[in-house]
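Listed next as structure tokens is one chain, alone, in the form predicted alone.
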């Protein structure tokens, strides 16, 4: 079977995109001052830093300081995810163009785009003068950014639903509210719930970084130990944080698989 040749304009476009990607990568590397010397010397410097962290500081004092901060990051991530889930769910229906007015959908999507344009760190900086130092700032920063991301993802899930159940409800005399509750929500909830869990994993990593700016979490403890050159205790912070992230990721991934695939039925 002969495969038809691509048209000339498609070939030109393909090569043009490839050239743009290569040129853009080289330009970005030069702007970041990435040189071969820095690349080749990086592994040795990383090894020096890692070797300075071992043996880890497993003293009772270190554990008493680190564990509450790690738990605080977990609480920030969970509370921020709950905020994002609660507020993004109704907003996603306004943003979906198949269940909302076109003008309202476009406006809502632009609002979600604006929210997503500000990373959690920037939101934390903005909120610090209002809410002050502490986990409340980190929770609000994570929650607000989650609204934008989850709202966007959820609206796309709603836009991809099967229209058949909605037409059946409409033909049987059901109202618009009946279509949403019995035709849309049952179809989208498994995927949206899995997105909530996945966002929780992302928020957990973000909450660990927010401590750097005083927004609570384990990041502040890590920066303090590095500032005072206490590398063994900094290593303990890193190991405990990585362990927490891996445990949460494993549990969350298992729950998401069960939600999407459902319980396996043995015959």
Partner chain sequence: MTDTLFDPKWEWAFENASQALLETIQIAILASILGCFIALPLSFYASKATNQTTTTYIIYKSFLNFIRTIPDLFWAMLFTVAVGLGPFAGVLALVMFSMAIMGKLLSETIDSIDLGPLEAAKASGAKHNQAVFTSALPQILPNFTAYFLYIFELCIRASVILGLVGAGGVGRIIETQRIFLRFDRISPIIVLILFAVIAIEQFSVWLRRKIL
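This is a predicted model, so every value here is computed, not measured. Numbering follows the first chain given and starts at 1.
Absent from the display: the form predicted in complex with its partner chain. The rest refers to it.
- For the three residues 58, 144 and 251, a heavy atom within 4.5 Å of its partner chain turns up in the predicted complex in no case.
- Figure note: of the listed segments 88-96, 177-185, 157-165, 118-126, the one touching its partner chain in the predicted complex, with heavy atoms no more than 4.5 Å away, is 118-126.
- Although the partner is absent here, residue 66 lies well away from its partner chain in the predicted complex, with no heavy atom inside 4.5 Å.
- Within this chain, residue 62 is remote from the site of its partner chain in the predicted complex, having no heavy atom within 4.5 Å.
- Taking non-hydrogen atoms only, residue 219 approaches its partner chain to within 4.5 angstroms in the predicted complex.
- Proximity of residue 200 to its partner chain in the predicted complex: non-hydrogen atoms within 4.5 Å are absent; the residue sits far from the partner.
- Shown without its partner, the chain has 34, 38, 39, 42, 45, 46, 49, 53 in segment 33-65 as residues with a non-hydrogen atom within 4.5 angstroms of its partner chain in the predicted complex.
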